[in-house]
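Here's a solo chain for you in structure tokens, the form predicted alone.
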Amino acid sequence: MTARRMLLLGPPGAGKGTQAERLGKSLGIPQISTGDMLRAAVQAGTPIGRQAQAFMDRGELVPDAVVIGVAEERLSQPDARRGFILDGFPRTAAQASALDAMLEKLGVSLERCIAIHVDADQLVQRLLKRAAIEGRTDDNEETIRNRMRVYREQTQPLVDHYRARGVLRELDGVGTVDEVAARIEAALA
């Protein structure tokens, strides 16, 4: 059986978004990213979306409580009942605990957490290349290394959380998109 309710973890530039999009199409389940969830809730004008919009309009980070509310709204939608791929949520231990509680409330559980590992220097090179291609002047080596530090401090501890639950699979994120996809598919079995 292939896992159908999963989370992709990895530092910025590890390829989570690329792999989640590809896997979602292959399995016919939605890729759910934090940014997409927030934008959809704002566009739909839901109460949580209006809360998120207020923070975004002020240029502030959307607090955990709002992100968790948006995630719960999204995971409750009919297309997510067949499965989902979480990309970018949860990011913190508090969000992981909230995810556990909301999935329990929905009567489902997370079947797999895939942690994608890539060497820090290689991540920096990937992100600098992406920034140059996309014309993103805000992505320089200093900001990239800071994002990686925040990931190590806030999100890396989730690896232990999901390892303790017995759903973690770790894999090398270096290689072609197809090579990494094959590793992910093997980890879902």
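Numbers follow the displayed sequence, beginning with 1. Definition used throughout: the rigid core is the maximal C-alpha set that superposes within 1.5 Å between two forms. Please read these numbers as outputs of a predicted model, since none were measured by experiment.
One more form of this protein, predicted together with a small molecule, exists but is not displayed; see below.
- Within this chain, Arg91 lines the site of the small molecule in the predicted bound form, having a heavy atom no more than 4.5 Å away.
- The small molecule is not drawn, but in the predicted bound form it has a heavy atom within 4.5 Å of Leu61.
- For Gly24, no non-hydrogen atom is located within 4.5 Å of the small molecule in the predicted bound form, even though that partner is not displayed.
- Using a 4.5 angstroms limit between non-hydrogen atoms, Thr34 touches the small molecule in the predicted bound form.
- Residues with any non-hydrogen atom within 4.5 angstroms of the small molecule in the predicted bound form fall in just one of 24-32, 160-168, 116-124, 129-137: 129-137.
- Checking Arg39, Arg152, Arg145, Arg50 against the small molecule in the predicted bound form, a heavy atom within 4.5 Å turns up for just one residue: Arg39.
- With a cut-off of 2 Å and the rigid core superposed, Arg39 has a Cα displacement that reaches or exceeds the cut-off between the shown form and the other one.
- In summary, the C-alpha positions of Asp79 and Gln53 diverge in the predicted bound form, ending up at least 3 angstroms farther from each other than in this conformation.
- Contraction of the Val150-Ala52 CA spacing by 3 Å or more is recorded in the predicted bound form, set against this form.
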